Structure formats: C-alpha cells, structure tokens
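So here's one chain in two forms, each on its own in structure tokens, numbered structure 1 and structure 2.
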Structure 1
Amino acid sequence: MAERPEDLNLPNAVITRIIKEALPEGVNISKEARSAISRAASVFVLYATSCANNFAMKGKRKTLNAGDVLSAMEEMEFQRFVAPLKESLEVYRREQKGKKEARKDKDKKADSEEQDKSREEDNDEDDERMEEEEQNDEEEVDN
C-alpha cells in the first residue's frame, strides 16, 4: 500500500487530459479545482476497487475481474454506467482477440516459412549428395 495519501493520486497529466476532453473549448479550470478532481478520482478508484474486491472475496478469488467491477458499479449506485462499461469491455475483448489471432497467424506464417526454408536446405543437401554420388560413379567408370 501507499505510505502517503499523495501516493494514491492519479498522475496530474492524466487528470488534466481527461478534464480538457470533458470541458467545452475555451473553458479553463483552476489549479485548486484540478487538484480536487484528482483527489475525488483517486477516492473513486479506491472505493470501486474495494467494492470489486468484496465481490471477488465472496467468490473466493484473489483476482478481480470485469464482472466484479461491474457488480461494484451497481452496488455503488452507478447503474447508468454499467451498460457503457459492458460495451467498452466487449470492444476491448474483440480487440484483444483480434490481436491474439494476428499473432497466431504471424507465428504460423513464420513457422511455415521456416519449414519451407528447412525443406529447401534439405533439398539442396540432397542435390549435393546426388551430384557427389554421380561424380563418384563417373570416377569409378573411368577407373
């Protein structure tokens, strides 16, 4: 755990970017307000994590999963965020699946190319052996 409360704050750059994206163009925010939002966001993350951990513990698990977080959101009375979070989770899972399949395809292609190269090398070695045998046969005929 963190030794000081400040260690629990989210990075200022992240908070500033989120705030700028949420506010209309031309609206400014004071340093004090930015600090308050940062602390509130940190408290929210800690509370959501604690609630999600309770669901994991009820399930006799040590690892929090997405279902735990969604259940925590409902328990904290943030039901209106559950549907958008589920949609985001599905998008994330599809992206991860696509990346995994792309890696698999890449690995298969690399393996296939490696096998082709190995076959070519084997064929080259076979050709060299045959040439040597032919030369040996010709030398025996000459003798």
Structure 2
Amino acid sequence: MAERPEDLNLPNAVITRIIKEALPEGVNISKEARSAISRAASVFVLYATSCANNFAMKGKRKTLNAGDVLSAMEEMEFQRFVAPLKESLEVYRREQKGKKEARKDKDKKADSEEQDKSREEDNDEDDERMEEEEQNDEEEVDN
C-alpha cells in the first residue's frame, strides 16, 4: 500500500503547539525549524518502531506491546522518557477501562426496553436550548 508523503507527517499545528509549550514564552520558532522538528519526529517514530519490533521478534511475538516500546526507549538512549511514559500509561489504561465500562453500560441500556425512556432522561439533564437539537437528532436516528 503506497502512502502519500503527507501521511507520514504529523499535523503541523500540534507539533507547533508542543514546541511552543516546551520553550520559554516569547521564543520564536522559524518555519524551517518547525518543519525540521516535524520531520525529526516522524523519523523518531520509525526508529522507535523498528527498535521495538526487534524486541518483539526476540520475544517471538508478532504484536508490538508496551514493554517493547519502553525497551526501545532505553536502547535509543532516551531512558529519561521511561518514567513519565510509565506514568502516562497508567492513566491511559485507567481511561480506557473507564471508557469500556461506560460503553458496556450504554449497551445494557440500549438493549433493554427502556431505550426511549432513557433518552428522554438524558435530554432532561441537558440545557433547554439543546432539547430542540436533541429532538431533531432523535428523528434522524429513528429513520
């Protein structure tokens, strides 16, 4: 599958924001510098992936897992990332777990005969001006 060049680039706006938040206020970043950092980030992803994949292959696995990525960071001499990454991973896993449970609850409600009743209950909690929009949405969904 051929990727277009843009697909291997990361969104400029996000990269710019990350840079700006890292540097002291008032520091300008030249367009060239921004573009260079963006390219460097893409190369970093490729390098990290390749490195992580080596660890997966050593473990005779075909799926890259979290441990492989963390090992890759050490290998690439970015040990400083390991602790913050582990912390973020904890939060991420909790978030994902919460989302899963929220979806399960939603599914339970949808399956039950109280489907329409629960939608009305949700509407009551919203602002009054949202109600009209909600009703319109409901019509579309029913169709």
Partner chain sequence: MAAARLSGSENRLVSLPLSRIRVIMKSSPEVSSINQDALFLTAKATELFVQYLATYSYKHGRGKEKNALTYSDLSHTAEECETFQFLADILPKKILASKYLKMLEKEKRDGEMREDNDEAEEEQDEDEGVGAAVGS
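For the two forms, the rigid core is made up of the largest set of C-alpha atoms that agree within 1.5 Å on superposition. No experiment lies behind these values; they were computed from the predicted model shown. Sequence positions of structure 1, starting at 1, serve as the residue numbers.
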Index of the chain form predicted together with the partner chain, chosen from the pair:
2
Where the rigid core has been superposed, how far does the Cα of K60 end up moving between structures 1 and 2, given in Å?
2.9
